[in-house]
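Starting off, we have a lone chain in the form predicted alone, written out as structure tokens.
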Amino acid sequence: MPDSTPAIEVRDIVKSFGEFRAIDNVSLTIESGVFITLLGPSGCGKSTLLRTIAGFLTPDSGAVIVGGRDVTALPPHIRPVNMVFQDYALFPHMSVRRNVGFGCEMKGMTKSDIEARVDAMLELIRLPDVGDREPGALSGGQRQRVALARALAPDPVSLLLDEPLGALDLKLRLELQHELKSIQRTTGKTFVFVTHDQDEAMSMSDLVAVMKDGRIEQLDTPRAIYARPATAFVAGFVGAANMLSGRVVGTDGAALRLEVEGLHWSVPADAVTGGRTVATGDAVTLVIRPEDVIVGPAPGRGELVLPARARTQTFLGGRVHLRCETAAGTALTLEVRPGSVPEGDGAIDLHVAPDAVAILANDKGHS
């Protein structure tokens, strides 16, 4: 039977710097072979958590378990994980081959095994012919690939990647995103990736942990986080979101009846996110993604209707960002096809499918 031991477990980790609590009692289990991203704004604790797993930081309390072994008190070079940094951290005076083989040497592997492992890693990153060059002779993308090969060469349980694509231009970042995911799938390694870039996280990850103020706000698949955000912060941070205030006025089997800006809407009861429940009289926040709104006559499949007034349109090639305002003064941003909305400041009807609405229970703010 396959080993079911998680690759990494973080148990009740707390880490403070003076009065500032960077990690606030975080627990997280990462199964073997998963590509998970820690996503959040600067200062949310994602890099601190990654460096605590790596051993560069010691938690004030809690435990770090790697491959079933408690490594909380172990130094970084003893832990069965390796880290890839944004600045590559390659040895400039060593050839690419020596850089890639360095960790294998530290493990005491034989020369022939190191040579074979280096060859395999250079093939994996599609740079088999650069072994004799020094890092300074490589492009930024090539150096990042070499850094990845060096981290993988000693066969760690997990690879920890701290914004490794942050120094690259957009085109190269997009290219390396695909390569990173391909390498992760090929090797079957557990990748723990840190970024503040939501598109990067959504495109590569099996799971995303959205962090705020040292805590994990939501851990789920990219699709679930986008379609069913657990909090207003997640809804606003991951993609664009329109938020409307509402109140539960009743339940009807598998449906919730809501009052939204004087209108009565019915949505599926499972639209409530984060494992929460709501009752009649509860205040809720409705989350609607810009692309889920149809302007004008709807196909007639029971769409929710919201009267509004168009304000401005921004042409972006194949799409238009439409800013509009409801009768109650709520500003909305939609994504529509060019030509689908007449130019000017006019009355429009917005149509939303009931199953495209996410409900946040008892949300106190939209920050």
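Only a predicted model underlies this, so the values are computations on that prediction, with no experimental measurement involved. Note that residue numbering begins at 1 and tracks the sequence as displayed.
The discussion below concerns the form predicted in complex with adenosine-5'-triphosphate (ATP), not included here.
- adenosine-5'-triphosphate (ATP) in the model of the complex is approached by P41, whose closest heavy atom lies within 4.5 angstroms of it.
- adenosine-5'-triphosphate (ATP) is not drawn, but in the model of the complex it has a heavy atom within 4.5 Å of A22.
- Contact between G45 and adenosine-5'-triphosphate (ATP) in the model of the complex is found at the 4.5 Å heavy atom cutoff.
- Interface membership of E200, defined by any non-hydrogen atom within 4.5 Å of adenosine-5'-triphosphate (ATP) in the model of the complex, is ruled out.
- Note that among 65-73, 336-344, 45-53, 318-326, the stretch whose heavy atoms approach adenosine-5'-triphosphate (ATP) to within 4.5 Å in the model of the complex is 45-53.
- Of all the residues from 151-170, the single one having a non-hydrogen atom no more than 4.5 Å from adenosine-5'-triphosphate (ATP) in the model of the complex is E163.
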